[in-house]
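There is one chain below, alone, in structure tokens, taken in the form predicted alone.
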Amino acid sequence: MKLVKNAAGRLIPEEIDGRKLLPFQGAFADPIYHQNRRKYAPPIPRTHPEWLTGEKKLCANLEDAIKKSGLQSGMTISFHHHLRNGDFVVNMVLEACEKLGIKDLTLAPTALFPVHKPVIDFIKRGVVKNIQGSMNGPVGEFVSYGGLPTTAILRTHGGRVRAIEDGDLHIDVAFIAAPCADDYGNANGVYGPSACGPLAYSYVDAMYADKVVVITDNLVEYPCLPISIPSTNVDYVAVVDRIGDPEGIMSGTLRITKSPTRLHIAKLAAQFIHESPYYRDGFSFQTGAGGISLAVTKFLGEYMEEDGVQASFINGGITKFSVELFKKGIVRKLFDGQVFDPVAIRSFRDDIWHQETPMTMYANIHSKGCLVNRQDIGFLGATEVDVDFNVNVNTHSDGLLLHGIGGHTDVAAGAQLAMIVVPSYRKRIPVIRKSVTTITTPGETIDVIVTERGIAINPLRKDLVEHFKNSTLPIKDIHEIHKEVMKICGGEPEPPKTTDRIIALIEYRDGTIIDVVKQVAR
């Protein structure tokens, strides 16, 4: 296997699994191999209009829908993750595929969660052979130890939709979990026992997949309104008992931190934003899904309320904390790709200035203008950060692939002020490293790192360094923070013990490869 060094300094194979790879050339490079290309287009549907043939979209059951879709072994199927750890549809579809004798599938979900642990058994039994999507938890750990026979690909939210629209990721059949749908395929996520808010992640799947199957547990009279997924993009509809449990939407990192240390970090971050040149009436921001980021939202809102400052919009996954700012008039509008709790679901359903954001509008680098490029501030989490400001959100220092990318890399590149809010170490394991285990987001797109031990400004941002030179905030050189962390933790952790086999590729948002993940040795 021939390796080449990319712009991030990581060795990337020229080819893997028969696919030629393109090395990362820089966050703001314009690679020659992206020029003179055109958008991919879905096929003209061959299904006849029901008024002519009497054919109906509503199927007898899920297996009937799969048969009618023409799904065969070796094809690619996709799913959205709006139900997060409460999703039932991925496991349900794979079980039906196994009963029908369908094997060697490529799974292209927007994300997998612990609830999808049964995917491991489907891999072992040959139903699934490849995964192109984020993996949170057990499936990622299984893949880390070499359980997947092929190389997985992880993309950002914007990178995934780019890959589909550019034709790099072809979806044969998209399965869309819809909390509310009619028998013609119009669907939304705001009504029914499994309400999850927007269906923004699946919009591109519905547009570009060869066949689209809407799966619902709440079939309503035509027309189903409002419409997130239109009938014009849907081939078949299947009704099941339950598509998921909405209680699983608010899980994991989606709770505000109660840790005094992490609350201190959040307060430092909010104060930094308050003193920054971007804090002004009409500024915009996006939060991450971590407990610290949610706390930053809360504290920043308190500054804004006290100062009488309004934000033009919040972009991204929306929580009750964002909705509270919106209801108070502190934030004028909400752009929403995903909601994270019942309060946000109700707001999305009822408030006219709370709008759904398809992923291509959110963060597709190859669109004609995406929302992340209009953001002033984005604050995000990380598993590791290094002295070159590179960020890891995929693996831990032991090399295990346990997390997806989300919109992390997209926001970092688009926002005027990209901020990482993290503790300097966790359980005596350094978060501030000399070199991160895996590069997810390149350091050139990160402006500030906020820890409990101080705030580091990227030297590339000379304007920020100058702006904060007289601040009372604990501004420090990143190397100084790293040195303190090394004393506390006793040095850098041992590098993960890995084999030479590459088990996953980390794609940058433009489709180039920024890093690889190797198989962890047991």
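Residue positions are given as counts along the sequence shown, with the first one as 1. Please read all numbers here as calculations on a predicted model, not as lab measurements.
The form predicted together with another copy of the chain is left out here; the points below concern that form.
In the predicted bound form, residue 166 approaches another copy of the chain with a heavy atom inside 4.5 Å. Mapping the unseen interface onto this chain, residue 416 counts among the residues with a heavy atom inside 4.5 Å of another copy of the chain in the predicted bound form.
Though the partner is left out of this view, residue 336 does not reach within 4.5 Å of another copy of the chain in the predicted bound form, counting heavy atoms only. In the predicted bound form, at least one heavy atom of residue 38 sits within 4.5 Å of a heavy atom of another copy of the chain. Checking 239, 234, 330, 431 for any heavy atom within 4.5 Å of another copy of the chain in the predicted bound form turns up a single hit: 234. A heavy atom within 4.5 Å of another copy of the chain in the predicted bound form is found for exactly one of 101, 282, 260, 149: 282. For another copy of the chain in the predicted bound form, the listed stretch (378 to 386, 299 to 307, 78 to 86, 349 to 357) containing residues with heavy atoms inside 4.5 Å is 349 to 357. When contacts are defined as a non-hydrogen atom within 4.5 Å, none of 106, 133 and 340 contacts another copy of the chain in the predicted bound form.
Counting a residue when any of its non-hydrogen atoms is within 4.5 Å of another copy of the chain in the predicted bound form, the hits in 301 to 323 run 312, 313.
Relative to what is shown, residue 132 and residue 34 are farther apart in the predicted bound form; their C-alpha atoms differ in spacing by at least 3 Å.
Compared with the form shown here, the Cα atoms of residue 371 and residue 33 sit 3 Å or more closer together in the predicted bound form.
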